[in-house]
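Take a look at this single chain in structure tokens; it is the form predicted on its own.
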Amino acid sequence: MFFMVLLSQHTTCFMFSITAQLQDCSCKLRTTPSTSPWRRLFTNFFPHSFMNLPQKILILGWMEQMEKNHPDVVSSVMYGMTHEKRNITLLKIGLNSTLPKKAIWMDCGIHAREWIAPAFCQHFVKEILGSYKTDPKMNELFKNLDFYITPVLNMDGYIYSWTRLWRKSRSPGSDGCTCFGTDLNRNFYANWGMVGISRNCCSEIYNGHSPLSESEAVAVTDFLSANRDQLLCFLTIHSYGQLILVPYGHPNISAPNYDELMEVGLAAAKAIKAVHGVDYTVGTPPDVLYANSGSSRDFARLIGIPFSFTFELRDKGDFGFKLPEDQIQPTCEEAYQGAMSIINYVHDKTFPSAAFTVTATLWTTLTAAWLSSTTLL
């Protein structure tokens, strides 16, 4: 674990992303992994021998280190396997309770080449673990909620994407098709196969030979279904486009709480803009992107999880999936505020008395500080 100890001492979101992303992620689209500025910077921090470690090991090592560093609030749950027999594992984060708790879901990396997404999941974990002991609001969230966070959902495709801009899973084609992979975000049992898909198994939006044909989609479906009464909010992190998407992807179907979803999404976009001035657009996929079906976001809402959102992180296409290194940290910072805007809203709606208690505690603290300062004067 020597490597991960070094990592914890030196990282921000920027360096966390190096452990979770393709070695070639520079703004120069033709940069090779061996000459990438990310790789050069990585080498400056760590011995050369670590450069040959598989990225899967680094991700798993980071997850193990989070458990080791925070055993009172972090545990891991293996809830499925990929087609290539890799574990699908989430971090469960929250204070222990003798009573059932409500929960927040977050997954990153369902689309393999969207490398900024796993970096954000790691940044999110780092931020909440770093603040729950000192921030009364975060402490209240930890008491009332569990966070279920999957840093890399599509591990097979993610590993394969290190040498190409791969999007899908890595399962073989069916019915004689020689192409590999299914778009996992078209494979869920939510208006499956209706719009925004392809039946050509070589297409990037191939939705699979049947709903839930992919083991990764089955794993998420089973977990969400088993915990639907516990889950208040579903967040799935993608790139790119600077969007916050609400259900549904079908143009003729609306979520029963569409107005509230839009209100919460717009507040999140406002929180994002307040950080670095970056604009995010909020709406359903048909309104602001394109119609689609079979998404995990739509499935989550369909089974009764009331708040379900897709984040499409930076940028709007100038660099696309190969976001330059000077945008990694700010992307994580602003998206964190957007996610927390949603989570705080969901929490305060569910636990109104807790929100009042935190506010009262904060005002008491501020008042005491003010009285202390006036006494000194």
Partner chain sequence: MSEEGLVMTSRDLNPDYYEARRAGNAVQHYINTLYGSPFRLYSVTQVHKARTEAMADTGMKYFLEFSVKDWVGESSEWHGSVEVLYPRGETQAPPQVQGSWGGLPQLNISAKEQEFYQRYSAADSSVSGKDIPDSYGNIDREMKPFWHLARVAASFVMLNESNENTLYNMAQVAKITQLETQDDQLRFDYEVLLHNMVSQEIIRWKLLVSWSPAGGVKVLETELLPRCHCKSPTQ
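What you see is a predicted model, and the numbers here were worked out from it, not measured in a lab. Positions refer to the first chain, counted from 1.
Below: the form predicted in complex with the partner chain, not depicted.
Highlighted residues 222, 229 and 306: none comes within 4.5 Å of the partner chain in the model of the complex, counting any heavy atom.
86 is the sole member of 102, 126, 86, 250 with a non-hydrogen atom lying within 4.5 angstroms of the partner chain in the model of the complex. Proximity to the partner chain in the model of the complex, defined as a heavy atom within 4.5 Å, singles out one entry of 179, 275, 267, 77, which is 179. Partner contact region in the model of the complex: 113 to 121, out of 113 to 121, 142 to 150, 296 to 304, 68 to 76, criterion any non-hydrogen atom within 4.5 Å of the partner chain. Although the partner is absent here, residue 286 lies within 4.5 Å of the partner chain in the model of the complex, judged by heavy atoms.
Contact annotation: residue 321 falls within 4.5 Å of the partner chain in the model of the complex, judged by heavy atom distances. At the 4.5 Å threshold, heavy atoms of residue 349 stay clear of the partner chain in the model of the complex, well away from it. When contacts are judged by a 4.5 Å heavy atom cut-off, residue 170 counts as touching the partner chain in the model of the complex. Along 193 to 220, residues 202, 203, 204, 205 each place a heavy atom within 4.5 Å of the partner chain in the model of the complex.
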